[in-house]
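This document opens with one chain alone, in structure tokens, the form predicted on its own.
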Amino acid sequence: MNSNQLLLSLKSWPEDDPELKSVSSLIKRIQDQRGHFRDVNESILRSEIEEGREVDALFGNSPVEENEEGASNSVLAAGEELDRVTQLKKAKEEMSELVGYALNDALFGLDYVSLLVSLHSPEAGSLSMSPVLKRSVPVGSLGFDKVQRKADPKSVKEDLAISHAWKVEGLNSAADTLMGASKGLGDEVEKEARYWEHILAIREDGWVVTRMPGERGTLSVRFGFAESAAEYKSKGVGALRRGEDGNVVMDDVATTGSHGKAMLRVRVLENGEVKGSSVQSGNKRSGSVKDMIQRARNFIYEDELFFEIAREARLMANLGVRTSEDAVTIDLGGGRSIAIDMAPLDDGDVVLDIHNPDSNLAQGVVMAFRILLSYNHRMSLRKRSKPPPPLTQRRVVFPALRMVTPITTHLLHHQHQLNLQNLLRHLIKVVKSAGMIAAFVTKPRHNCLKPVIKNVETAVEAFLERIESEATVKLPGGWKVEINMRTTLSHPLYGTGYIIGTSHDGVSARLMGENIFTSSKEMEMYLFWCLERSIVNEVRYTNDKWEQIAQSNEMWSIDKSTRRIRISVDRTGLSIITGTTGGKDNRVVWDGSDMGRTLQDLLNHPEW
């Protein structure tokens, strides 16, 4: 190679491994060397820096590089550092001297024990002997023997007295311990016997005593219901633990809800005012475990009852059932409604007002709810007792229990029946005030009153069916109206329907047979129409001077064709509009309030 050639390298200057300077690598090395960062603070680092400088000064080392500020600080503290270095050197010398003394004593002790051991085991003793000892003293030259000391009679007597005293004290202590253990065991047996006596009393009362789920060696009482909803299956168990005095202590179980609410309450409202309420009677005592179990059972039953009511009510918003956070309201129409919620227990002196029909209705509704929940529990048990259905990939969805639907059906039917009875009673009074004869007979809920009720399930099943009531009305003129009122909240009606059949001579009206109406307003208008035609027929039969005009509700006089009457019935009452052709009309109204001039008097002695 020519020396004049220029040598250049195309490779870059080697750099340090970036992995060694990365943050993760530095943190790992610092933790390996120093431990976790939570043990490091500024004061510790400063103290270590100062100690490093002192050690460097002690061994004559100096920092590789100092900045100007560090150099000036070291010059200022030079005197103090020299004193500190001198003290450290002196302490080091003293420590070395003490360590040497200790080492010398340990070696002497080792030689002594080794020489003593060499008497019986020369090989083992000579292994740990120092070379100097081996050269100075023969192996096995040091022996030992037991020296028999002549006992002092006085000291022997004192030792025997002391020994006897200690034995007596030990026996007394053991006797006290045994007596205490015997007494403790007797108390424990008494407490255990009292505990099992109370457990047996709870079992004899009919409660199920079983093991506490999740706790070994703990008994519990099951006060819940086996067929309850999934949300309440694990809530009906309470642990029965032994108290300090041996009595049974029950874990805190829920006996009331928030704000002391413990029982279902039903109220009857009219235009927002409470007209009647059910009674929340129950055991409010909390002394014994039996009372606590009973109250816990009552509360879990009432709480599940309201839970199922609210669950079903959310699906009935289209039927006039409203739900809120803590109440369910059933709208009955006419400003009346039923409010259902949870309330605290009443005091013992609160009784049901049997003279208030609304309070009786509220108490009947709350009892019906409880019966229906027990009936659903029984149906769930019967279903669970049957062979299970075939497995399927579809998720099994359990429908809501039917409790609000049948009770709402009965409440609506009862309200519509009262409205129908009030309407018929008003029409009969109107007809009688006009001097005619009319009457009506009702058969409320005739399909629910079965002649033979074999068991509770038969009675409840009749309660769950469609409700029907009948009314037979006899109107003037030989008219007979039969009303069949049906209420159901299922397909296809979803409410109350009316099937009305009329029978008459077929002269005053040609509308015969059955007529179906799906609202009370339509039914009411049809009854008004029937009463109008029946009065027309009555006038035809009793007064031959009047004749019906073209199957309508109007009649004209045979003697004087210019005289006319029009019969009209509405909520006000029976109206007869009289007049002549081209003249002024007069209006006579019978509203059922008095027995004044009759219809026949008006027709026989006209004033126009």
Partner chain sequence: MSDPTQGVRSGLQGRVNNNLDILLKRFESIIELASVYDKDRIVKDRTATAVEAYQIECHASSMASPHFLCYFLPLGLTNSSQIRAAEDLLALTRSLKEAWLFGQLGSELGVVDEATDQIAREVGEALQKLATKKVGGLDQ
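Numbering follows the first chain given and starts at 1. The term rigid core refers to the most C-alpha atoms you can superpose between the two forms while keeping them within 1.5 Å. From a predicted model like this one, the values you see are computed outputs, not experimental measurements.
The same protein also has a form predicted together with its partner chain, omitted here; what follows describes it.
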{"item": "4.5 angstroms heavy atom contact with its partner chain in the model of the complex for Leu219", "value": "yes"}
{"item": "Heavy atom of Lys454 within 4.5 Å of its partner chain in the model of the complex", "value": "yes"}
{"item": "Its partner chain contact in the model of the complex: Phe108, any heavy atom under 4.5 Å", "value": "no"}
{"item": "4.5 Å heavy atom contact, Asp291 and its partner chain in the model of the complex", "value": "no"}
{"item": "Segment assignment from 270-278, 425-433, 400-408, 293-301: heavy atom within 4.5 Å of its partner chain in the model of the complex", "value": "425-433"}
{"item": "Contact assignment for its partner chain in the model of the complex, among Lys146, His355, His491, Lys521, heavy atom within 4.5 Å", "value": "Lys146"}
{"item": "Residue among Trp166, Trp529, Phe307, Tyr112 with a heavy atom within 4.5 Å of its partner chain in the model of the complex", "value": "Trp166"}
{"item": "Site check Arg336, Ile577 and Val588: each within 4.5 Å of its partner chain in the model of the complex by heavy atom", "value": "no"}
{"item": "Contact set, 179-199 vs its partner chain in the model of the complex - heavy atom within 4.5 angstroms", "value": "Ala181, Leu185, Glu188, Val189, Glu192, Tyr195, Trp196, Ile199"}
{"item": "Glu244 C-alpha relocation of at least 2 Å between this form and the one not shown, rigid core basis", "value": "no"}
{"item": "Did Pro122 shift 2 Å or more between this form and the one not shown, C-alpha, core superposed", "value": "yes"}
{"item": "Threshold 2 Å Cα movement between this form and the one not shown at Gly170, rigid core reference", "value": "yes"}
